[in-house]
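Two forms, one protein chain; structure tokens for each follow separately as structure 1 and structure 2.
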Structure 1
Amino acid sequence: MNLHRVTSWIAFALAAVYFLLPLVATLEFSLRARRGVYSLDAYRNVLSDPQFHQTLGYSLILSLATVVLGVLIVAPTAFWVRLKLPRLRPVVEFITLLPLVIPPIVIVFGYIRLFNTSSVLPLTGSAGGTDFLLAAGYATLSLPYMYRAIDTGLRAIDIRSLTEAAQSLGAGWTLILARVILPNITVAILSGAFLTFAIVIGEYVLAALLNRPAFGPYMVWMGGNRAYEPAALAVVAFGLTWAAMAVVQTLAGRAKHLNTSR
């Protein structure tokens, strides 16, 4: 038993070093903007850059839109497949895995080809249409994670009994999904939302080729034009991701507490 505990701690220490050492090195390098001393000059330059605020705000809004779009697509599909079409689960799971196989550049070129200004639906001809295409692309990239998170949440509850009870009270399908199913899988939705947020913040290909002011292209531009600021920007992005994780965990804990109290 002691040997197993020691082995576990050794594995944990090696994993911590493996993951934390690059972050510590990046943090140390970002503090070397002033020769001979440590300083926060790189962070001041990044945080005072108007483009940083513009791209970060754009990506935050887009991440929220992507989460909403993903939930509207995935939640009814996963609910209906688990309730009425269980034999199609392998097919749906395979389809949701395709974004892991198909490169994002193929997806974005397909969007450009289908929705350019000479097509029947010229979404790329306006900023709003292009933003919708970008959110749809991000929802596609997050599909493997969002679907599995929601499907796991549905597996943890008895959706058949909940649905039959709601139908016995006269509820329709929309009301059942909105008032019965979604509140019971809030934790799962928040888990998928966190992964979606991480994808939107760091993604480059879709935003760059659709020419939208997202945070991913800004990070790449900064990396090609500055020395210490990219390291500071990487640390800031890492901090934002962990802050989002903390928010998700807090909301998930509150949602779980509310569901338990009910």
Structure 2
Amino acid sequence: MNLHRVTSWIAFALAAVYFLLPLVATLEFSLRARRGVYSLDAYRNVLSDPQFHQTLGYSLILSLATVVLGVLIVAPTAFWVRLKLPRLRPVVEFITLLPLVIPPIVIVFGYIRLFNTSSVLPLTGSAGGTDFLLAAGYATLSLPYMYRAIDTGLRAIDIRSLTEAAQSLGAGWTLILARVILPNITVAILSGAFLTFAIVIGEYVLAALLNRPAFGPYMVWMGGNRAYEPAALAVVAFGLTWAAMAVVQTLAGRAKHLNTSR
């Protein structure tokens, strides 16, 4: 028993070293830009680079667009399927899981071929069209997370009674969705949104292949051309991801709390 415990501690300690070391090293590396002393030079360089602001801004706006698009597509569907078409649930669930099965690079390859300038829907022909395609691609990649988050949120409330109560008071569908259902699954939507944000903010493959000036390709470009700035960028990216995930965890904790206090 005691030996067992010692082995457990050793396993845990080794894992902790493996997982913490790269984080510490990245931080340390990012501070090494000036010879011999630790400094914030790398961060200063990054922050003063207009490209940094442009690409990060672009990715932030794009992730916002992705979240809006994802919620608009997933929330009404999840609601409708729960309320009226439970038979369809396995089909919808299967489709939302597909992006985990099909590698993103394959999906974007399909986009490039399907929406090229000579096709019916020449989205890649214009910058705006490509931006939309990229947002649609990100919304697709986030389908599994978004759907699961929202569906879990819907399961926690009795949507049938809520809907019928609202209908009996004379509310129409738009009003029901906007005023009754959405406010009750805000927590679920937000956790789906932040998860999406964490995925989108540093994404590389889609943005690079669709040739958009996003944060991911910028990081790779820096990686190829600078020494210490990439580490600073990684710290920024980790920070953003961690913050987003922390929000998700807190929201999940709150949702649990809400459900048990019922």
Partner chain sequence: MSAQPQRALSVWLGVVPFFAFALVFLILPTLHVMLGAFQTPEGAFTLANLGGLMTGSILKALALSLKLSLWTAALGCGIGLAVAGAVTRGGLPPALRDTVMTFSGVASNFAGVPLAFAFIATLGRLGLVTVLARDWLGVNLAATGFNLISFTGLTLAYLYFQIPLMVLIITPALDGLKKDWREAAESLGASGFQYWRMVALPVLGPSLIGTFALLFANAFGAVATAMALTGSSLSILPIVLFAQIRGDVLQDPHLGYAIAFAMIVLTGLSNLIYILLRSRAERWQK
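What we label the rigid core is the largest C-alpha set whose atoms superpose within 1.5 Å from one form to the other. Numbering runs along the sequence of structure 1, starting at 1. None of the values given here were measured: they were computed from a predicted structure.
- Only structure 2 of the pair represents the form predicted in complex with the partner chain.
- Among the candidates Gly172, Leu182, Leu23, Arg155, the residue located at the hinge where one rigid part turns against the other between structure 1 and structure 2 is Leu23.
- The smaller of the two rigid parts, set against the larger, turns by 18° between structure 1 and structure 2.
- The two forms, fitted on their core, place the C-alpha of Phe12 8.4 Å apart, compared between structure 1 and structure 2.
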